[in-house]
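Let's start with one chain on its own, the form predicted alone, as structure tokens.
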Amino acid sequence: MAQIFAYILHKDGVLDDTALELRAAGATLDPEAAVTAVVTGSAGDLEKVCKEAARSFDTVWKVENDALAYPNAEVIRPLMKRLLPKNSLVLLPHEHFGMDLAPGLSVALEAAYLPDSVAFEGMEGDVLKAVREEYSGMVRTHVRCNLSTGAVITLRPGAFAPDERKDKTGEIMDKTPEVFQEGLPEVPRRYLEMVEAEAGDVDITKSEVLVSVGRGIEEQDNLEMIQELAKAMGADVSCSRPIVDAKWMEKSRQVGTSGKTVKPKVYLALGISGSFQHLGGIKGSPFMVAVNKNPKAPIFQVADVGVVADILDFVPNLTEKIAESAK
């Protein structure tokens, strides 16, 4: 099999949680293969990131330049084309940056493109059997991807259990000189500034226990029972996008790729279907309990405990039982 590369996201000197998921996915593709981490960025925290990545990957390729301080796909795509050998397998997380970089990168590398994979089911010669989800996870599709000429594969965050072993002493190789031999690519898009979202009354990104509610709550008045349950549990309340779109809760409470990224120890999902946009905002593999009246809801595929029930009946009963146990 061709060499496997994982493009690693990072922020403020810290590896993104998806880094260890990419390592696990690479091992699934080929348990014997050495997976190379590709880390780009500007001077400062980049060396720290590379050293951390070297504990999990066999080799780390570093590309350092001030123009890479913000991960702009328009800049990184041509650099990756210069860097990667022919027929490479490239793994990226299926989030904002990965979705921006991957399609054009597959064209540049003349490689296959397999987006938003949630599982690998093995190989048949050069053909990878993979699983994707359609219609917000309501349908699972089984696809085949020919890897003989390389491939760019994006992986849904949280779909692959992270390989948390840090038993490597990977070599860090500075690829900056060879990548920039032709100079910095001219691109039409440039980074201007980062605008932080306004903080709400509760910072759910720091909550250890979250009670999160979705469209299954049906009416705004029913949110009161969610507040009562959260109070009984000592938790904070969060929500999925439909609740914010209905203006029932503020944007600062939204979990997902278009909301906040949270990392609680316990996550109670009530009436949430489990679209990848929502699950993409949940990091750190919390203990997840899902309650949904649809037994085929995608959330059950990632939950540690699943309960098929109407939350309008379930939540008051749970609140009552917690109150009784606290006496």
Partner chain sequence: MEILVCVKRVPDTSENEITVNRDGTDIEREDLVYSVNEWDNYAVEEAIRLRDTGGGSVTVVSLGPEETEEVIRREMAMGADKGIHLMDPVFEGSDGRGVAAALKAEVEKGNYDLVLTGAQADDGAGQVGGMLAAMLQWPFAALVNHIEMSGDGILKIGREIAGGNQEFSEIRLPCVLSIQTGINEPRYVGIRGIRKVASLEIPVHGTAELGIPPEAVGEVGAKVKRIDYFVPQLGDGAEILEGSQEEIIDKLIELLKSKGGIK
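The term rigid core refers to the most C-alpha atoms you can superpose between the two forms while keeping them within 1.5 Å. As the structure is a computational prediction, the values presented were derived from the model and not from experiment. Numbering follows the first chain given and starts at 1.
Separately, the form predicted together with its partner chain exists; it is not shown, and the next lines address it.
Colleague: Looking at Gln227, Thr176, Asn146, Asn222, which is the one with a non-hydrogen atom within 4.5 Å of its partner chain in the predicted bound form?
Modeller: So the residue touching its partner chain in the predicted bound form, by this definition, is Asn146.
Colleague: Heavy atom to heavy atom, is Pro31 within 4.5 Å of its partner chain in the predicted bound form?
Modeller: No, no contact at 4.5 Å.
Colleague: Is it the case that Glu250, even though its partner is missing from this view, gets within 4.5 Å of its partner chain in the predicted bound form, heavy atoms only?
Modeller: Looking in the predicted bound form, residue contacts with its partner chain do not include Glu250, since no heavy atom lies within 4.5 Å.
Colleague: Counting only non-hydrogen atoms and a 4.5 angstroms cut-off, does Ala111 reach its partner chain in the predicted bound form?
Modeller: Ala111: contacts its partner chain in the predicted bound form.
Colleague: At the 4.5 Å heavy atom threshold, is Gly41 in contact with its partner chain in the predicted bound form?
Modeller: Residue-level check for Gly41: no, no contact with its partner chain.
Colleague: Report whether all of Lys51, Arg55 and Gly158 sit within 4.5 Å of its partner chain in the predicted bound form, measuring from non-hydrogen atoms.
Modeller: No, the candidate spot makes no contact with its partner chain.
Colleague: Even though the chain is shown alone, can you say which residues of 53-69 have a heavy atom within 4.5 Å of its partner chain in the predicted bound form?
Modeller: Residues within 4.5 Å: none in this stretch.
Colleague: Would you say whether Gly216 is displaced between this form and the one not shown, judging by a C-alpha shift of 2 Å or more on the superposed rigid core?
Modeller: Superposed on the core, Gly216 moves its C-alpha 2 Å or more between this form and the one not shown.
Colleague: C-alpha of Asp313: shift of 2 angstroms or more between this form and the one not shown, rigid core aligned?
Modeller: Where the cores coincide, Asp313 still shows a C-alpha shift between this form and the one not shown that is 2 Å or more.
Colleague: Under a superposition restricted to the rigid core, does Leu84 display a Cα displacement of 2 angstroms or more between this form and the one not shown?
Modeller: No, Leu84 moves less than 2 Å.
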